[in-house]
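Here you get one chain, nothing else, as structure tokens; it is the form predicted alone.
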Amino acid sequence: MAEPLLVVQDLSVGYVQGDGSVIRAVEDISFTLNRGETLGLCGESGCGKSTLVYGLLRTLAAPGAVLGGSVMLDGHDLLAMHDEGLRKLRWKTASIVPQSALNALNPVLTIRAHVRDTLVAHGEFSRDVAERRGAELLRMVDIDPVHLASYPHELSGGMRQRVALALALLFEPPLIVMDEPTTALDVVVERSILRRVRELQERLGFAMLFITHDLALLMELATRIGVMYAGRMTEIAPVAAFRGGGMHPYTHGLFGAIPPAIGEDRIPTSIRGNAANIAAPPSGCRFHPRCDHAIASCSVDVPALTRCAPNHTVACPIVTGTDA
């Protein structure tokens, strides 16, 4: 069996406060990502999804910092690499499609200039290459190459996100991170972009780490899903294992909150209580104050991800039968 493209082991990421204290936003996260597959990361806003991926790629700005663990990407130890090595690796081995292309794209540069500057940063610039590759990339994401001369504000929101995707594909890296790339778009545009993303993934063979709070979307897009709550992973499994609602009580709650499909006789229900405060999380299982199945030990013991089926791990002793 081929080695995974990405191996994350016991990764913890936090934010250093002015008094020297640390808010641990992500704790002891472990997972793998194989070449060509899509791992979706979901959970409520503020659960640490973006902090996790920006931490593992070492693009998290201060006061964010990696507190421990290891990250191996295509044979590279990311946490041991110096800045110059990371600069060369980024965009060639791993690239990012951000949540808001309007904020990520430089407003005073044309799309052509964005392509040029990215090529220059990796020592591969020539005017002919920039023009040819820029046109290829825009066609790849269904944009007329005439828009190489456009500025970001001259494009629609959907077109800007397509440009961000095109730039992420410039060097055809084996890993692309999608950080809620369609959150600000309407449903029709979102589906159109995601359909194109799937087509490009089949054609180019890249793996995706897809961050979203939309669990229903991941059921269509992902190969496997990882569910996060308050900085910890609660469940990881292939998509098929979630078709019945998953196994962790939090996963059940997320599925219960999804609006019913047309013709589905179901009333959505919200998870009781409020999301845990990462700055001062509950002891033991962080979900236990909101869990209808919690027992006394849940407020004391931190549950470990435990295998309960092939390729399926859950951090709940009640589910896995390890609460004795």
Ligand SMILES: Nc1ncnc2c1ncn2[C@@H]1O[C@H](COP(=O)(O)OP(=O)(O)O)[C@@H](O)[C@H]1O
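As the structure is a computational prediction, the values presented were derived from the model and not from experiment. Residue numbers here begin at 1 and follow the sequence given.
Below, we turn to the form predicted in complex with the ligand, even though it does not appear here.
**Q** Which one of these stretches, 290-298, 48-56, 32-40, 259-267, sits within 4.5 Å of the ligand in the model of the complex when only heavy atoms are counted?
**A** Careful reading of the contacts points to 48-56.
**Q** Is every one of 173, 194 and 220 within 4.5 Å of the ligand in the model of the complex, counting heavy atoms?
**A** So, no: the whole triplet misses the ligand.
**Q** By the heavy atom within 4.5 Å rule, which residue out of 63, 68, 273, 282 makes contact with the ligand in the model of the complex?
**A** Only one listed residue qualifies here, and that residue is 63.
**Q** If you check 17, 306, 9, 311 against the ligand in the model of the complex, which one has a heavy atom within 4.5 Å?
**A** It is 17.
**Q** Quick check on residue 315: any heavy atom within 4.5 Å of the ligand in the model of the complex?
**A** Residue 315 lies outside the contact set for the ligand.
**Q** Are any of the heavy atoms in residue 28 no more than 4.5 Å from a heavy atom of the ligand in the model of the complex?
**A** Flag for residue 28 set to no.
**Q** Need the contact residues for 274-295: heavy atom within 4.5 Å of the ligand in the model of the complex, sequence order, or none if there are none.
**A** Stretch hits: a single one, 278.
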